[in-house]
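One chain comes next, on its own, written out as structure tokens in the form predicted on its own.
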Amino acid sequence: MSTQTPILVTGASGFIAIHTIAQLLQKGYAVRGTLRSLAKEAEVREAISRLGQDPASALFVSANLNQDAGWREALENVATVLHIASPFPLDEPEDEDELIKPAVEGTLRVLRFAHEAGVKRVVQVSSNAAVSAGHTAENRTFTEADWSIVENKIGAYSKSKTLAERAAWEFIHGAENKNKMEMVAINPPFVLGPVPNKNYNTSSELIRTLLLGQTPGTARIKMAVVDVRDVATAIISAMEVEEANGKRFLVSAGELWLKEIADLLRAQYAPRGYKIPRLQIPSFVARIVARFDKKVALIINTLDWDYRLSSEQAEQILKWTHRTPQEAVLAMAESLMEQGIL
């Protein structure tokens, strides 16, 4: 498929965005990407090249979620916006508004300027963090009908993703959306897969920590996982498939316990000298550690939580297929080694 009307990708230097841009270029789309600073442009182009695509036809412009400047120009002659930009920190911020404010206000800023520009459809990359957070007592299968409970202690990131997606749907269904601009939400869980450059993302920190043996063991925590390449495919399908309009799509490849991830990495990389932990830390010990360690405290609510995410809607409507969670784990590990990050 080919079109000269550019697709606008926000946050073009991000992990998911780089893979999405590479796939758009492969399909013949014209791409315009926003960057907070054009100082990152060369690095993004190099990463796209590393993924096997020629970035020459992609255009990059400066626009920041926190400011109006640049958005009107970025959206000129654009029919579709893939809104991928959103802060994802390694640590819990001192003030949750550091995350929530740019996520919510930035999303509304993009939607308002897109509406003004006559954009037909926005694909909002949300997260499973907007679906299942705060439900940790519920051992069940979650679907797009579920929303995270922000009143529970779910952490600033989950809260930011939930409030940003809610604000987006309110805009779409509200009086301000006079042009009946369309929206689709893509809700991936923990995104793994090949890292395209040395700016390794937050989700790769887990794989890095395990490979470097920086933790004595793994807590009893289950993680829903998806490969970044399959998230990019879902985003593009959400843009292309007419029936996707107005829907949310959970895109999960399946769930792995942390110990299963560690065992998988050990089987593959222990022969190369990597000391991946064998121990599973008892949950009562993890709870004690959480009192003194902020990183552990972030995930303590998910201890022993046994849940599933249903991707049935994405499979049916988007015709979405995916790699296995194991493939996503190993692809990330390999790429971290190739990039010299380990």
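All of these numbers come straight from a predicted model, not from anything done at the bench. All residue numbers refer to positions in the sequence shown, first residue = 1.
What comes next is about the form predicted in complex with a small molecule, which is not displayed.
4.5 Å heavy atom contact, residue 215 to the small molecule in the predicted bound form: Contact check for residue 215: no, nothing within 4.5 Å of the small molecule in the predicted bound form.
is_contact(residue 84, the small molecule) in the predicted bound form, heavy atom dist at most 4.5 Å: The answer is yes: residue 84 has a heavy atom within 4.5 Å of the small molecule.
Contact flag, residue 157 vs the small molecule in the predicted bound form, heavy atom cut 4.5 Å: Residue-level check for residue 157: yes, a contact with the small molecule.
Partner proximity in the predicted bound form: residue 14 to the small molecule, non-hydrogen atom cutoff 4.5 Å: Within the cut-off, so yes.
Stretch in contact, per heavy atom within 4.5 angstroms of the small molecule in the predicted bound form, of 60-68, 23-31, 283-291, 309-317: Looking at the other structure, the answer is 60-68.
Single option in 102, 194, 93, 134 placed near the small molecule in the predicted bound form, where near means a heavy atom within 4.5 Å: The option sitting close enough to the partner is 102.
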